[in-house]
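The data below hold one chain only, encoded as structure tokens and taken in the form predicted on its own.
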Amino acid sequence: MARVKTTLVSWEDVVRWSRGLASKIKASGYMPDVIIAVARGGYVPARLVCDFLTINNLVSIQSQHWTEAAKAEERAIIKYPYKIDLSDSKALLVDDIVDTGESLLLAKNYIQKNWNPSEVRIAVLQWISSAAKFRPDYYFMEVKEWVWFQYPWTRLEDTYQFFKRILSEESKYGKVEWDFNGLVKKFVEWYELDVGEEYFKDAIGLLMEDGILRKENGKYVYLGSK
């Protein structure tokens, strides 16, 4: 059984889900004047929703809660706060997922207070109803049990962080030396994901660049997390 329940998301999934999300928004009769992407996960869905709703106005805001894959920071924060004038404009705030929902609520409150839109609604690809603190106005998919969606725009980042977690935990039991196949096997065992050889190699390369792994005599040696 996987240590963290995950599901691998393809680019085709994202396009299909975004089209379905846009259809629900359109059917509701709500036509925003501007779409606001929540950086970073909301960039791609927001741009696709713009396309499917034929909306030209797209801005962004960075509100974040997750600092590592499947590991939450203590509180959500707005990074790089700024002000724009959305007076008399209807806005649609778009993100990839509502898990706890704290980062989205923070972004919505900031926008209402500082950007002055006439209305703000929230749209996401996935709503984890068992964990979220609110129900978004629009969602393509309700997820009733918590799962980490491994989106294509975070594939390398997540693979890197997942490897770090594996290495840290396994080192507690004395396992500090690995070959490539052993690392991949352990990754698939923990997360039941195969992200592909290129991503595995790229992530291991980054771990070496960061001084977390060192290659000696054909083996990868764990040096500790930075």
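Note that the structure is predicted; figures quoted are calculated from it, not measured. Heads up: residue numbers just count along the shown sequence, starting at 1.
Omitted here: the form predicted in complex with adenine (ADE). The next part is about that form.
Listed residues 120, 156, 78, 147 were compared with adenine (ADE) in the predicted bound form; 147 is the one with a heavy atom within 4.5 Å. Put simply, of 107, 86, 92, 97 only one has a heavy atom within 4.5 Å of adenine (ADE) in the predicted bound form, and it is 97.
Contact check for residue 138: no non-hydrogen atom falls within 4.5 Å of adenine (ADE) in the predicted bound form.
In the predicted bound form, adenine (ADE) lies within 4.5 Å of some heavy atom of residue 128. Although adenine (ADE) is not shown here, in the predicted bound form the stretch 156 to 179 places no heavy atom of any residue within 4.5 Å of it.
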